[in-house]
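Here you get one chain, nothing else, as structure tokens; it is the form predicted on its own.
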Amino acid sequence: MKILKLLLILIILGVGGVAAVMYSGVVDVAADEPHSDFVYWLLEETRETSIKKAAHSIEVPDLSDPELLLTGGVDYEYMCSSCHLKPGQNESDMSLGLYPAPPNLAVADDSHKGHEHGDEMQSTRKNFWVIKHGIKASGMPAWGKTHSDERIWAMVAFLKRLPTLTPEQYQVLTAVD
């Protein structure tokens, strides 16, 4: 009986503590103020682990068809580049205004602090999953609601080549006829 009482008291204190934090306004939700190191770490680890688990069994199709670069390039230009940038670009109004900051996908993976994706196959799976499902409270939309898997795979194929493109090559691949 004592254990049950103690457990009930702990639950009430826990709920009361959560309610106090929620309704006190002490948590700063402004996008221009970073989280504490602990909260940032907690959110990043949770996001990365969730995506890794969800993307683990995704079957990756052949992404070597050059037509995928053209299809994915046009979509990237119109849907992604304002946040994730273009070759030769280091920031944009959108990339500066979002928190957490979106990774610059026009540079190599090893410079994506906090957005590492592991090996190439796992990176490919994760890119597909993130584009399709988005990430809550990050500004990353779920494009799977409006785009087919084939179209999303084309964007993934383009992302694989993006860090190697010059600004001129990017312009050619993203031009609309």
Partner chain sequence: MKTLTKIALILVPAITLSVTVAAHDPSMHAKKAEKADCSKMDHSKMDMKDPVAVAMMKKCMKQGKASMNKMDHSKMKGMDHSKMKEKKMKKDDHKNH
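Residue numbers count along the first chain shown, from 1. Keep in mind that this is a model prediction, so the values were computed, not measured.
In what follows, reference is made to the form predicted in complex with the partner chain, a form of this protein that is not presented.
Contact annotation for V130: none of its heavy atoms lies within 4.5 Å of the partner chain in the model of the complex.
In the model of the complex, no heavy atom of V107 sits within 4.5 Å of the partner chain. The partner chain is not shown here, but in the model of the complex it comes within 4.5 Å of a heavy atom of V74. In the model of the complex, none of the heavy atoms of D149 sits within 4.5 Å of a heavy atom of the partner chain.
Stretch-level contact analysis of 141-149, 43-51, 58-66, 27-35 against the partner chain in the model of the complex, using heavy atoms and a 4.5 Å limit, identifies 58-66. Taking the partner chain as positioned in the model of the complex, the residues of 91-107 that bring a heavy atom within 4.5 Å of it are, in sequence order, E91, S92, D93, L96.
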